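One chain is shown next in structure tokens, namely the form predicted on its own.
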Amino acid sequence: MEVQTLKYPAIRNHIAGRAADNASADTMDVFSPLTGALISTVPLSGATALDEAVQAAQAAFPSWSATPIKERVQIFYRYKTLLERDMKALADLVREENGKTYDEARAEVEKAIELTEFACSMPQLIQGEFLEVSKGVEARVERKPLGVVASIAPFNFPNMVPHWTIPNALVLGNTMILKPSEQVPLSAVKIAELLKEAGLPDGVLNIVNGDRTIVEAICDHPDITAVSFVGSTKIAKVVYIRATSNLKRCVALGGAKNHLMVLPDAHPDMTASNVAASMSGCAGQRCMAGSTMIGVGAVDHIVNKLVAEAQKIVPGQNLGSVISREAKERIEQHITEAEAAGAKVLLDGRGAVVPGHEDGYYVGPTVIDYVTPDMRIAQEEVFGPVLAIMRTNTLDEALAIENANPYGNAAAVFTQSGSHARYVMDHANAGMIGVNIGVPVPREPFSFGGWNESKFGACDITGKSSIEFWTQLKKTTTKWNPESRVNWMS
């Protein structure tokens, strides 16, 4: 039997600074969604591999946490330069395993660099507090790391999302277990290699690959103190409940159904280009995608421009693939169901084929008008380059649709009216709001995080808010002067 040569070496876990033996683990094939070709294999690790990784992280924690933060960040300064040096190689990996366009993959790495830059500012952000609270009595508050923590990452941003957690958590003195998505394990290997080159001590970051089994083991492991998760709402709920029932801290980010409210006075060209980019960027596989547009009043002139903009988006050129054949089939089924339910398909992306990549997983840009709130496509996260358009007469009706959905990641309004924009900012029930911006992702130091069923747990996963999640407060009271008058405070 002919043995197929893999484009990339078989993935191995990264434990205590070196590639681990996968001999005892089952493996899963890894396919490139660009071509449908088999490119690697990934181990489906079990509890034994996780135990080894946790032990390595525990062994590294005393020395790493005792290293002054000003010294810890020096490693990440060096790491930032390595990310910049290897930008193309990192973007190529993202493109290969996720299916993004090269420009999208490069932008993902650029965001990872920004996240690393923010982590390097931590010494200026976590200065302790000190006060003489009574004569001769001093109180001090300091932030201390939690210990061994875990980060469970999704398939849609194999480079950026790990950087939501790795730089902040490690700079703050924790050691970590990273569990990348089994569909996109290549980028994590490169991240570990570059961190080691930058001087990160062995055991501070460990990578354990696997599927549901390893996620459950992370939630249950008694020596993991905190868990972050990014994925679907269904799984985020399960992870949050399981991790917190085991007395861990947990922040679990789920899915979204983001609504872009378009008013008749919106700038037509800017709105059309923004909405088209929001629904199709990263092939719609992001929790900040504008999957639903709500046209308020007479907006046909903008819808026409939107369709024209979407027609410029071509699979295999400026539109990447979706992650798998199953995803392609599911997305196309959403379109078919909406059409059967009475919606009007203005631009149909079903059956997209890219010449030379006929086995790739592509869905073309799709615009569907006259969707009603009762349709499945209006209620569920499609996670593809599909825009559903609903119609209302008033802004309040549009907000009612937005606020009735169970998610709460993002909402946006397109208008030239400051009062209308302010009204949406005040009344939209979402954690991230955009005004004439289709993807209102906050930049550092502002944190990323939604509301309602888009996020479970306290604190956000990035920015200043993440400091609260990855640290705990130590309060110290001291007295050195025995002659000082004693009162109730001393």
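Worth saying up front: this structure is predicted, and the values here are computed from it rather than measured. Start at 1 with the first residue shown and count on from there.
Another form exists, predicted together with a small molecule; not displayed. Remarks below refer to it.
In terms of contact with the small molecule in the predicted complex, the residue from Gly255, Pro268, Pro201, Gly316 that brings a heavy atom within 4.5 Å is Gly255. A heavy atom within 4.5 Å of the small molecule in the predicted complex is found for one listed residue only; from Glu332, Asp92, Glu381, Glu309, this is Glu381. Proximity of Pro180, Cys287 and Phe448 to the small molecule in the predicted complex is complete: all three residues have a non-hydrogen atom within 4.5 angstroms.
Considering the small molecule in the predicted complex, the lone stretch of 71-79, 385-393, 349-357, 153-161 in range is 153-161 [heavy atom distance within 4.5 Å]. Asn246 falls outside the set of residues with a heavy atom inside 4.5 Å of the small molecule in the predicted complex.
Although the partner is absent here, Asp211 sits close enough that one of its heavy atoms falls within 4.5 Å of the small molecule in the predicted complex.
In the predicted complex, the small molecule stays beyond 4.5 Å of every heavy atom belonging to Val303. Using a 4.5 angstroms limit between non-hydrogen atoms, Phe414 is distant from the small molecule in the predicted complex.
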